[in-house]
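Below you will find one chain, with nothing else, as structure tokens; this is the form predicted alone, and questions on how it binds or moves follow later.
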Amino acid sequence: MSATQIDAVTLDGAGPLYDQIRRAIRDLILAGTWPPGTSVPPEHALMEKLGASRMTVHRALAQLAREGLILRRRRSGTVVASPPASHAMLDILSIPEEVGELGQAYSYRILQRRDGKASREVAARFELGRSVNVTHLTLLHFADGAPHVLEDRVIHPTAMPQVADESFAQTPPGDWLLQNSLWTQAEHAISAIAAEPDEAELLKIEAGSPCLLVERRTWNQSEPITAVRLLYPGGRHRFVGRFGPYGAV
């Protein structure tokens, strides 16, 4: 553990001390400042730096362990955990990688971004409360210059506060989340729907054409991170997963 590392743990002064410590360490992990495998300062060092009791520091670290952000080992100490692995059809897809595997050139365009309270339409689409603040993004992804998939996404700034400073000019939001968030639960659904006129225009297909809709939500414990709807032209795509009785093969 370096002096720089312990100095990076700073409190925001809001709420109980144990929760300030938990948030300070969580934010360092989610921002990538402490990547997987990084040693977390021991309890006594955090106590001295932050003026906290052993019980307070222990409570903060225990909660981080329950959230899957750190691993506590009796002899080797506490380290930042690696993101959980995903499986086959339930993979958290990287659209740039998806296009690359087709041997095509990837690009994307942000069509819309809105930060603040969810509109009535967005709240209904993603089953949100009207008082919830979100970052709402609409993107069009391209493969060799042709529309590949239409993305409609909300990100919860309570779970990902750094989204406020991210323009997504260099990295699309799905890949940015893969790099910066840790999730413990995911919900995944695929359905067949007909393209609405505005969607069809963007995807350069006929209105009413069959499409595959991939919907996914992710949480860290009970805290929502993101929800996304990915609309693929049905005639151009299929999803394949090979698996055995113990998971993907």
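Since we're looking at a predicted model, the values are computed, not measured. All residue numbers refer to positions in the sequence shown, first residue = 1. Throughout, rigid core stands for the largest set of C-alpha atoms superposing within 1.5 Å between the two forms.
Here the subject shifts to the form predicted in complex with the DNA, a form of this protein not shown in this document.
- Shown alone, this chain has one stretch from 28 to 36, 218 to 226, 201 to 209, 65 to 73 that lies within 4.5 Å of the DNA in the predicted complex by heavy atoms: 65 to 73.
- The putative spot formed by Leu17, Thr56 and Thr78 is fully lined by the DNA in the predicted complex; each residue has a non-hydrogen atom within 4.5 angstroms of it.
- The partner is absent here, but in the predicted complex a heavy atom of Ala52, alone among Ala195, Ala52, Leu182, Val214, sits within 4.5 Å of the DNA.
- Remark: Glu43 counts among the residues lining the DNA in the predicted complex, judged by a heavy atom distance of 4.5 Å or less.
- Taking the rigid core as fixed, one finds a CA shift for Ala186 smaller than 2 Å between this form and the one not shown.
- Superposition on the rigid core between this form and the one not shown places the CA atom of Arg73 2 Å or more away from its counterpart.
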